[in-house]
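Listed next as structure tokens is one chain, alone, in the form predicted on its own.
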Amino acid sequence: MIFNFFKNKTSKEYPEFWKNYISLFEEKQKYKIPISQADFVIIDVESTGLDFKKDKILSIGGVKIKNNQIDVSNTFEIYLEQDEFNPDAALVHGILKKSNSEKISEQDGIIKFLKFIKNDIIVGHSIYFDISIINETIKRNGGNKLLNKSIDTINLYKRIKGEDYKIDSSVSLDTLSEEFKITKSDRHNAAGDAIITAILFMKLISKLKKRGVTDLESLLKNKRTLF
């Protein structure tokens, strides 16, 4: 069954960049390992709006966590060329239609992004939107949905607060940054938000470890789709 799955996923109708990405998942990944041994990639997306079917990605930022440390020497930031422009969204992220930032095509951006994330565990704040709009962008450029496991920092926060804790829009990155005393530099910049989320993630897993969540398999449990 596994062989057939990858045979179908790597069939010739897919572009080379997607086949290369898919090949990273041919080997069964190990989840019964200490959290400290897992490789995470923290990502953030800035877009023209919040409709992942219709809106387009303007920027993606990312940073890696390896050996239980944020690897600031291994960061990622791209800006994409898009015809669409939403002045309301620009007020939030500050990405203007004509800016000095070097922009690349959607396909080149996706190729760079897939090479950066590899098969690491994806982490983000309200990650469902980010992954959904990335999936739409990949499909538009000949690929398919991401295969990486993912973790939402909002879900981790809920595990700390308890199952009865009600999640709503107040659990923003700003709110949790203040609660966990994280400096909000470069907020609403994709790379800056990825760094802030990485620090938040480290603080959350530190609290979860004290409650017995010490291995990756346990950390990946109770995954919920939000918003």
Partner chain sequence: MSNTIPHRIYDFLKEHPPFSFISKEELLKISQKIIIIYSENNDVIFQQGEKPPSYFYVVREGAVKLFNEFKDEKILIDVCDEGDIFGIRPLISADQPYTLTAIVSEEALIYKIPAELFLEIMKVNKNVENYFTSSFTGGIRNPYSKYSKQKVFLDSQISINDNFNFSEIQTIPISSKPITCSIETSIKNAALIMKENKVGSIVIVDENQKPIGIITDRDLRNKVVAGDFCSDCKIENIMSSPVITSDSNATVADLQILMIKNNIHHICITEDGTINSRMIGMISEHDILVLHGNNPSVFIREIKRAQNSNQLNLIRISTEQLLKKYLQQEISITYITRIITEINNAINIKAIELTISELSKTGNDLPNVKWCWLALGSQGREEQLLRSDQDNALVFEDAEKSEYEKNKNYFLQLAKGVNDILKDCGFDYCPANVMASNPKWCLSLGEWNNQFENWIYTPGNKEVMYSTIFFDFQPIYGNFELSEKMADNIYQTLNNQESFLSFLAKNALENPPPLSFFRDFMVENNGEHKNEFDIKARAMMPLVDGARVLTLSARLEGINSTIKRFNKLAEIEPENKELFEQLADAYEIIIRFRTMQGLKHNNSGRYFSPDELNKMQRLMLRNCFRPIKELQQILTIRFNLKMFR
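Please read these numbers as outputs of a predicted model, since none were measured by experiment. Numbering follows the first chain given and starts at 1.
Same protein, other form: the form predicted together with its partner chain, not shown, and the subject of what follows.
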- Item | Residue (of Q69, T175, Q37, S169) lying close to its partner chain in the predicted complex, criterion heavy atoms within 4.5 Å | Q69
- Tell me, which of Q82, T75, S132, N141 has a heavy atom within 4.5 angstroms of its partner chain in the predicted complex? T75
- Task: May I ask whether G212, V213 and S218 all come within 4.5 angstroms of its partner chain in the predicted complex, judged by heavy atoms?
- Result: no
- Segment assignment from 61-69, 46-54, 28-36, 154-162: heavy atom within 4.5 Å of its partner chain in the predicted complex: 61-69
- Does its partner chain come within 4.5 Å of any heavy atom of K103 in the predicted complex? no
- Using 4.5 Å between non-hydrogen atoms, is K112 touching its partner chain in the predicted complex? yes
- Query: Looking at the partner-bound form in the predicted complex, is V41 within 4.5 Å of its partner chain by any heavy atom?
  - Reply: no
- Going by its partner chain in the predicted complex, which residues of 132-151 come within 4.5 Å of it through any heavy atom? none
